[in-house]
Each structure stands twice: as structure tokens, then as C-alpha cells.
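Let us start with two forms of the same protein chain, each given on its own as C-alpha cells and named structure 1 and structure 2.
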Structure 1
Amino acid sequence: MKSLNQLLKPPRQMMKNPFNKKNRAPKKPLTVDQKISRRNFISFGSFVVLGSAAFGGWKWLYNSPEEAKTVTAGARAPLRRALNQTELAVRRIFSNNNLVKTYPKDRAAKNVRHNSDIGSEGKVDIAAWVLQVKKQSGEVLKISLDELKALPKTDIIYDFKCVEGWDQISHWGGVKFSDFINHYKLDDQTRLQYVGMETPDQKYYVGIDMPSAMHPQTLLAYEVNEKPLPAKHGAPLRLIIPVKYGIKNLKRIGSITFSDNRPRDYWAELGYDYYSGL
């Protein structure tokens, strides 16, 4: 009787690797033509099979269903997962030591580009405007523009970058978000993971991860080119966050909230990356 080992051992012939010339059985030598057709069969066969599989994979991805609407929407489900995974990777290289390049004042554009008015159409009554800061406890701070202007002012002249692909050097002035947090003793709120900002009419809204919000170049801006913000640039107060694309730089801030969950985000609901960091 054969031992188990012998039974399990495949016959020698089956172990032959067709690519390895040493394993060729010497008994039945193949002619050159046979070798050619054998290798062609294997390689072209693999090529067609793998190529078809790749094409099938692409069709699957391209036709994959849209994600279920949560705080994000509008992207193919697998691509949204990929964006979120990629966010985890790029968050690792985020550092407060990495600063956006700044420029001398004369490089700033006189005509600051204006792209969209969603949530900040028409005039705003600046005298009536207040910034509402909603703490997680439910407590609401109401802060006027004059109170914000009394805080230390920071200017930044940097290259503003739009998700569309254009960029423009522009000059903004306002309160550093981290100074604002310190002054209003909101440090406990910064232990939460996200900041949410919305326009007074709640038509435009963004969610910002806390490290980006607390980046030393993030401003609550009330000036452009050293003059009060005009309506089209988000009067009376807007977010200037150089570590994000323009889509996150909310104009006409009405309220600020803090949360451990991602706050709703206008463009993330339309298929864009939630993080959108630079």
C-alpha cells in the first residue's frame, strides 16, 4: 500500500513549469514550432483573460451605484470609499509646521476673483449681523463684528486655490481662528473633531476637520486688500483657510458649531472630497 505522502505527492509531470526549459521532459522533445505555439498560447491566453478581467473591473467601477446620501453624496460608492481612505493617508502628513507660502503686499491682486454667491446673495445688514457660536453643551455665544475686530488682527497674502484649478494671490485680514478660540475659551470645543460653519440663510455650509481649522494660517477674515469685505467676498465675516480649496472658504459666516461627527458640507454632497485639503 502506498503511504499517504506518496498519494499526496503529485506525479512529477504535473509539476513542470512550461516556462522553465530545465523541466522539459527529455523523452518527448518539443520542436521549436511546438515551443513557440505553446508559449504563444499561454501568453496570449493570459493576456486576453487578464485584459478582459481588467476591463470587467473597470466596467464595474464605472457603473457602480452612487453612494447612499449621508453627510457626503453624489459620488460612486467605491470612489467615495477611496476618497475617505486617501484622506486618512494624507492626514498623516498634515502639520502645523507646513505653512502656505506668503507673498509681499504688492503681489496681491487688486481685482479679487469672485466665483459664487451661494448663501451670500444680495446685501447683508451688517449692523444686525451677529456670529453665533454654538457649543456642544447647547450654550450659544453671540459675537458682534466689533468684538471680533477688537481681537489681534492677522494679515495673510497667499495664493488662493480653487478646486476648479485657478489660483490667485490675494490679501486677507482678520482674526486667527486659534486666537478666536483662545479668547472665547473654546479650547474644550477643539477637542472635538470637526468645526461646522453655515451662512445665515443656511444655504451654504462647510465642515472642517479640527487640525485644519486650528492651523496657524486659518482666519476669520473681515478685510480684503485692507478694506472691509464687500458683499461678494462674504461681508461681514468669511473663512480664509489656506490649507483647503476655495470651496471650504465659506463666505458670510452666520454660525459656528463643534462636533465629533462630520458637519454637513455643501460640496461634499455634490461628489467632492469631504477633506479637500491642500
Structure 2
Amino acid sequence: MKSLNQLLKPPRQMMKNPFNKKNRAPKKPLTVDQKISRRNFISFGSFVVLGSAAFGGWKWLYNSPEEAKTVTAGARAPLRRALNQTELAVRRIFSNNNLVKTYPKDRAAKNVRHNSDIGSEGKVDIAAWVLQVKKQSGEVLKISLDELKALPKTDIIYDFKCVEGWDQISHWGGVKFSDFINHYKLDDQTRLQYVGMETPDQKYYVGIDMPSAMHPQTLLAYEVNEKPLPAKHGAPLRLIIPVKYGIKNLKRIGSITFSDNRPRDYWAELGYDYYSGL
């Protein structure tokens, strides 16, 4: 005989399984306020997680050792390694076929922005100025402004970009660096990896990778807006290199050198990217 408990217990097939989705009561749809609250919670949680990760990364970088001083200095060692690796990656895909965008003459600024006078303070005696080109053999070429002006002239109107975040469409004229190289039979120097340029007082100096220097839009410029360069823009000769930020566009060039080693660079010594490409 069955006990009283057995008689009162419903058959197994009649018992509901609370874990069976079919037996659960249907969920009420979320209200608009509930949906907004859930999204806000997810967004806030994601912000906290990502913010914490970013702060942790910044703190790690801030506390990491500074790079060993060579031709570059002033940056944290991990950051400099990252910049150098980025340079190698960019140089692998660099091509002279990639030209910066140019503009019609009426788009050029009438008043070209002036940013710094490092290495080009004061006036210069243009009649006495000469460009010194130092070959690896030790031979030094001395070239006057008139000799440079006798070469084919090239103009470029492009968007000059500064690392500070501003940019300006400006009009420059001068000699293509590649034409300058060819005319003075310096082709053997272009087999080296770098070009170094310095102001006459040697207070400002840049190092340029050879492919960028030989880019078809790189100029040794002696004009701005079809007029001779004023002192504040680097008279009598400056570098215009559209594939680089403004810090590489040396004003008042005094000397040019060629090397397989990185030449010294003013801003790279203060922690900036040596390549400074666009």
C-alpha cells in the first residue's frame, strides 16, 4: 500500500521543472528608462575600465627610464623605441610617387605665419652668404645664391603643417633638392642614408632621411609668395620639405652634409620624433 505522502505527491510527469525556460513566467519588456539606465551603466563601466587602463599605461610610461642620450634625447625609453619602430615601418612604404596635395595660387596665405627665430635671428648679409656643401670625401663646395637662382625654379603651394597643431596653405619657390643634387653631381652622396643641414651659427640643425630629401616636392627655397625670403622666414635660403612637419623645414641654411649615421637634430635632442614625417 502507498503511504499518505505518496498518495499526495503528484506524478513526476506532472511536476514543473523550474529550470525549464518553457515553465518560466514571461519577462516583462524593459521600459525606456530601464534601457537608458542599463546603457548608462555599461558606458560608465567601460569608461572606468578604459580610463584605468589608460592611466596605468601613462603611469608606467612616466615612471620608465629616459632614453640614453645619443642624437636623440629627452624621451622615455619605451616611447623612443616605439617612435624608431614607427619610422622603420613608414620608411618601408615611403614612395616618391606619393605627393602632397597642392593648391591654386589664390589659396595661399598673404601673411605667412612666422613661428620661431632659432638659428636665424637678426639680419644676414646676403651678398656675403654662401651655402657650404660638405662631401664625405672632405671636399667642400661653396655656392652663392645667384648660382642657385640660375638653376630651374620650381614653385609649390601646399598645406604647411606644424607639430603644434596649426597648418597654413603657403606658396614657396626655389630649386628642387633633387635638381640641385643632379646639377652639382652629388649623386654619389645620395647613396648615403641621411642629409644634415645647419644654420650658419649652428644653433639650429636637422637630420633628414635621404628618401625624404630626394622627394620631388622638396625645395631649397629662396622665395615666399614670389618675393625674396624675408629674414623671419629664413633668408636667403631655407628648406621646404612638404612630407615633414615644420620643425624639419630649416630656415637660413648655412651648410649641408651627407652621412650614413643620423645627423644631430635640434628637436630630436629635446624628445621629439626624429623622423617627424606626415
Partner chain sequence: MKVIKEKHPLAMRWTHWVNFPILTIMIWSGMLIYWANDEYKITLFGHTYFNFFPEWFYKALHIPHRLAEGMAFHFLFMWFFTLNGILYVLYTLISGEWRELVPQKKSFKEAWLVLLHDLHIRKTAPPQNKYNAAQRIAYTAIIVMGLGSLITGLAIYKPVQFYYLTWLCGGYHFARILHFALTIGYVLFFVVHIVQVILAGWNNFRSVISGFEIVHEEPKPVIETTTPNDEKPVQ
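Computed from a predicted structure; not experimentally measured. When a residue number appears, read it as a position in the sequence of structure 1, where counting begins at 1. C-alpha atoms forming the largest set that superposes within 1.5 Å between two forms make up the rigid core.
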query	finding
Structure corresponding to the form predicted alone	2
K35 C-alpha shift between the two structures of 2 Å or more, rigid core reference	yes
Rigid core fit then P230 CA moved by 2 Å or more between the two structures	no
Post core alignment: T70 C-alpha displaced by 2 Å or more between the two structures	no
Distance the CA of F55 travels between the two structures [rigid core superposed, Å]	7.5
